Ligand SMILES: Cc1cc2nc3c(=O)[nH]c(=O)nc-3n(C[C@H](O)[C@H](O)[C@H](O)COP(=O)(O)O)c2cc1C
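To begin, one chain is listed below as structure tokens, in the form predicted alone.
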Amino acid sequence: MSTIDAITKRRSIRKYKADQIKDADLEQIIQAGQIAPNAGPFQISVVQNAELLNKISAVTVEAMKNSGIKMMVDRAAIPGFNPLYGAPTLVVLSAPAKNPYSLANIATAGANMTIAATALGLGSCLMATPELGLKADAELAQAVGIPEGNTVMLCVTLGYAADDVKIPERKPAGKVNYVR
């Protein structure tokens, strides 16, 4: 798949099969994140432990319920809601809060990983919601491997899309202005 095809076909997948992704694919995805443009350090923490994923999900649901953000409160109130969408792999991206470029570093790493996942035939979703749970529970953040002084900024779910996932057509977003 060409790079442009992978970018065009990338979608946010919100329902996964339980099957774990192949280690070789995971390594390629992680490397794509590591080689993203950056202006400073960041941490990539990969979680595949089912018990830890369940705990992250549960803590995140509680953080969403208490967020005061209507959309999050409403979504967390749905019976059985799983903010990780059943993904067997969660990549947690963190960086020093003091670096003014940390969010840009994390965003480019996350984007690279989702495009690499698409090129490998995997589903992914770049999201901020699990950061609520990891910020609310310091012990959980430590279990995930978030370094002292880092802040969780984004997460990426990875896995095989469930068979019944309907992938919508994507329309270009954003306005374009040419100055020539």
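Please read all numbers here as calculations on a predicted model, not as lab measurements. Residues carry their position along the shown sequence, with the first being 1.
Absent from the display: the form predicted in complex with this ligand. The rest refers to it.
The stretch from 39-47, 136-144, 118-126, 23-31 that comes within 4.5 Å of this ligand in the predicted bound form, counting heavy atoms only, is 118-126. Proximity to this ligand in the predicted bound form holds for all of Arg14, Leu154 and Arg170, with the criterion being a heavy atom within 4.5 Å. Using a 4.5 Å cut-off on any heavy atom, the residues of 70-87 that reach this ligand in the predicted bound form are, in sequence order, Arg75, Tyr85.
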